[in-house]
Each structure stands twice: as C-alpha cells, then as structure tokens.
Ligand code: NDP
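Have a look below at one chain only, the form predicted alone, in structure tokens format.
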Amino acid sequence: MLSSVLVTGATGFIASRIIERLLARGHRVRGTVRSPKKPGDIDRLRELTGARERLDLVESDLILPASFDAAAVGCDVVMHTASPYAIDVSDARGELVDPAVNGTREVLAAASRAGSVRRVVLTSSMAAVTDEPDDRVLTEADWNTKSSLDRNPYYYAKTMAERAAWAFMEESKPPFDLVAINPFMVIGPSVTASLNTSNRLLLIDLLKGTYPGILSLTWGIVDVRDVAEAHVRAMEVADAHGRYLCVGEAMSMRQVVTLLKSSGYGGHKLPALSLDSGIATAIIKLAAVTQQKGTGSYLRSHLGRVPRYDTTKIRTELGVTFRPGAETILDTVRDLQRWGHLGN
C-alpha cells in the first residue's frame, strides 16, 4: 500500500536516504527543512528519482511550537529523524536536550492533531540503549541510565527524547502507534554534500591524522542505507512494534586502520602508534580530563570496551539484513573523496 509520508529534517544524513528509499518504493513524501529556498543539499533532494512528482519540501523548525502541524496534515506516516547531533557543546541542555525532547513532543502532537497518521517511526539511537558498552548482550529491553548533562550529554539527549516519545504514547493515547529504530554508529555514502558527524569522527579524523595513535575503541557499525531500509520496513510491516536495535558488525579502530591501509589508503595520515594496550588505555582515560567535556566523557566510557548486541528482532520481524562493515567503510571513503572531504 502506497503512503503519504512526512520526514522531518529532510536534508539530514539518515533522512535523505529514507526519502530516497521511499520515493523508490513509490510513496509520496513531504520533507521538512528549515528553509526550502536554501540551495545546496535541498537541490540534491529535488534531483532524486521520483522527487519531481512525489516530493514536497516545507518549512518547519524543531524549536518552534506547532511548527509541524501543517506538514503532518494528510500524512499516513511520520518519520521523525530531526535531532541535533554534537559531542562537544557549551550548553548541553539548550543545544541538545531541549531541542531533541521538545521537538519530539511537537512532532508527536502534530501527528495526533492531524488525525490521518497511523504510525510514527522515530529515529532514536544506541545512545538511548547504553551509555557505555559492558559485558551484557544488549537488546531492545535495555535503556541508558547513566548519561547526564555532564556525562555523554548527546547520549542523554537521545535517551530523554525517546523516553519522551513513549511517555507521550502512554499519556496521550494518540490514534497511531510508535516504532523506534535504534541505530549504532551510522556511516555510509551521503545523498548530499554535507559531512555528517559519524563519517567525520570515524573516517575523516582517522585519515587526516586527528587521532594520536590507534586507540582501544570499538564501534558497532551500520550502513546508512540499511538504516533507511529499516525505517521504511518499520512503516510497511503492519506488525512492527516497539524498539529495534539497528547495527551490523563491531569493528575496532585497529581493524579499520588495517582495512584502509590494505585498500590503498596508506598514503593518508592514518595512526600508526599502538595505544590500544591496557596500560595505554588507562593512561588515555586519565588524560581525557584535559579534553572538552563531551569528548572526555566519551573516551572514559568507551575506551577498552566492546559493544555486544542481539539484532534478532530487526532481522526476523522486519527482515533487515546488514552490509559487511568493510564494504560500508570503503564505500564511505570513496564517497568522501567524491564530495571532496578528503582534499587532494
């Protein structure tokens, strides 16, 4: 069944791939942007196959009350992807938490007032599942209970936003159901020229020598194209419900560096110094107090830890499969070169 779908934050890294996938399936899409007249990324969306006939871009803003009301009217499904993403901020509440929480509430309220919406698909995050990897195998039942305004504030914002969404469902009992997608580190080729934060943190910083050496960091990696597919299937599968962990394989920084070197990228400023031993990790954790607050808390909570997770639910209920991490990384690097993000 074809649907009319509202996608918030349409020019975003994940949102633009969702729109591409929706248009390819024949759905009609309404995307929200801060300014539909601003060139650049918006032009890329309008160039997507099917966009001329089935894509409308409208102006909305997370921080403005009732900003999504007009956009939600007549839509069958709302995909709420818009949310601030930053590790280091000067005002965690004002820059991260309030926009994420209030924006989520505004979108859900607009969907409820529209009267036509049957499902909302929320782009949440692994940040709402765990603050730091530990020995547990994570499932959809897990929640982040450690983050705060001072400790991993981005994680705190995502946790508070998803909790606000489920609280809205319980308190308001709107005429639609809610499905949450919880991706881990999302990287991959971009529809637009903008550089998303995860691609920068994982690959640009590695290739440009930002890291002092090979750290004991391991990421659960998921391709943005697989994340987009998960969102669309969460909309299309009638029995979809609750939360879905969305992640492929876990890869360490050493594995990523080795892959890049063996794939012809050794000429870049990849880290070579081994700083992933137990002693080096302990020293770096202590030295992390000299970093900006967001970076410091991330390093202290993630160094030396390996994420473990169970993706049975998303694979069996939504039929989502995940690309190998190596394929995603190499596709992403080629895409970063295409957009000029790696320089000459």
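Don't overthink the numbering: it's just position in the shown sequence, from 1. The shown structure was predicted, so the numbers you read here are calculated from the model rather than taken from an experiment.
In what follows, reference is made to the form predicted together with the named molecule, a form of this protein that is not presented.
The candidate stretches are 170-178, 70-78, 235-243, 153-161, and the one lying within 4.5 Å of the named molecule in the model of the complex by heavy atoms is 153-161. Although the partner is absent here, L260 lies well away from the named molecule in the model of the complex, with no heavy atom inside 4.5 Å. Heavy atoms of R46 never reach within 4.5 Å of the named molecule in the model of the complex, leaving it off the interface. Contact between F184 and the named molecule in the model of the complex is found at the 4.5 Å heavy atom cutoff.
By the criterion of a heavy atom within 4.5 Å, V333 is excluded from the residues contacting the named molecule in the model of the complex.
Contacts to the named molecule in the model of the complex (heavy atom within 4.5 Å) from stretch 186-202: V186, N196, S198.
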